[in-house]
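The chain below stands alone and is given in structure tokens; this is the form predicted on its own.
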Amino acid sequence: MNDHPSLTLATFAAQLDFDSIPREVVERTVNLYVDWLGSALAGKGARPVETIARFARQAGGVPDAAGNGPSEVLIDRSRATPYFAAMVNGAASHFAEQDDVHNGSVFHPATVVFPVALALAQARRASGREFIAAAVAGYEVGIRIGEFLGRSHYKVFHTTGTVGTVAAAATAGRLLGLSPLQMLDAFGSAGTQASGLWEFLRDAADSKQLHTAMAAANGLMAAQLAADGFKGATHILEGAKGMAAGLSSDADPARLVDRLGSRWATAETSFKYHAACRHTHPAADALLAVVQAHRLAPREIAKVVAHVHQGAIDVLGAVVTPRTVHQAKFNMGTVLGLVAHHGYAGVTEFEQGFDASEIAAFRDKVSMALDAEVDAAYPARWIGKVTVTTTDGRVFDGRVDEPKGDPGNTLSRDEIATKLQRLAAFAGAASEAEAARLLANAWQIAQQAQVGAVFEASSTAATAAVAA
């Protein structure tokens, strides 16, 4: 029995060494980083993201009039303090709804971990090895806290906002070289700031980007405060008035230290194929399988029942008639309509047609039903099941046991690269040539002696290639 799991977890994060991380986990982390870059670029031009970026500039995020700062803001390639760079990049990478997700914790690690890792690594001129170790520390800590807080937490709280604050602190603390006790202080200061409520979905508010912006920024601040001697609650996770006491009714402290150092939860993380809430993906893939197997045109489909877990109903049920692109990504009928018509629910498909008449008509054919098998498997497994009834009375059942992007049905590096190029082009954040140079550099992050700017490093690499 572990009577102080917060300290055990903090010690692990503080002492995690690159050489102790299995090679396949390092490779997975590099893939997750490259995947995150695409989502971060996709936030360029998004109104909520640009609003947060303006706030950061006005609040003094740029250190001097010339815009010189140690850390890169990816949407406009400006420079800022690590705090504000992490804030803006955190907001940007959670907009397109294609950032990664860990099934068991229902947590999106990349959008709070990599903004902090990149900002601090650039500021401290850290190596790629240090960057990777810090990112893995953040993933491992965040995923375990998400699992610890359980299903009851996710029903009301946006786990990426709450848990993400501590994950960001773990990432920052590892790059800052905090001792185990300092890391515990960072956890305490991060946990007391953890926040994020699902209410925003009901009226299409912008809170989702605020959640990730502040989780990244507040986690980084918590670690920097701890480095300067600031004390935090030492039992912030499992204490009598800690996170579990206030944010969960089914917390399981054993999950915090489950096979710590031998089970690498980072490698369990899934990529997102469709640009929508992950709860829609299993049903979307199951519907696509039925449509392709039976060569069904959308007009031939009279009704679709998506058999789902309770978490999907809790989140998606709040959106009945989506009024914005972002809200549409949390509406099962819209996502299935786009998949039925286009074979894919990507950023362009949403922007160009989430409220098109044929998509709205298909949306009204879709319903969700709680399924005992699917619900029992969740959140460890996200099974997709649909029942499709055609206009001429035929009934087809579709099923997927691992949606595209899950570890057993993962994206290849070529698919991740294509995804990044698509997202960069969608937002106008990088030309095709710039994206190609960025990718060539990003795949080598673990070998870099010093983590430099994403775009400047790409230009340097290109110059060297031309010279060669």
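Sequential numbering from 1, following the sequence displayed. Everything numeric in this text was worked out from a predicted model, so none of it was measured.
The same protein also exists as the form predicted together with another copy of the chain; that form is not shown, yet it is the one meant from here on.
Contact with another copy of the chain, judged by heavy atoms within 4.5 Å in the predicted bound form, is confined among 42-50, 417-425, 397-405, 23-31 to 42-50. If you check another copy of the chain in the predicted bound form, you find a heavy atom from every one of Gly60, Ser195 and His211 within 4.5 Å. Contact between Tyr344 and another copy of the chain in the predicted bound form is not found at the 4.5 Å heavy atom cutoff.
Another copy of the chain in the predicted bound form comes within 4.5 Å of a heavy atom belonging to Ala245. Contact annotation for Asp314: at least one heavy atom lies within 4.5 Å of another copy of the chain in the predicted bound form. Among heavy atoms of Pro282, none comes within 4.5 Å of another copy of the chain in the predicted bound form.
Checked against another copy of the chain in the predicted bound form, the residues Phe200, Phe362, Tyr378, Phe330 give one hit for a heavy atom within 4.5 Å, which is Phe200. Distance criterion of 4.5 Å from any heavy atom to another copy of the chain in the predicted bound form singles out Ala240 from the list Ala297, Ala293, Val320, Ala240. Along 227-247, these residues reach a heavy atom to within 4.5 Å of another copy of the chain in the predicted bound form: Asp228, Gly229, Phe230, Lys231, Gly232, Ala233, Thr234, His235, Ile236, Gly239, Ala240, Lys241, Gly242, Met243, Ala245, Gly246, Leu247.
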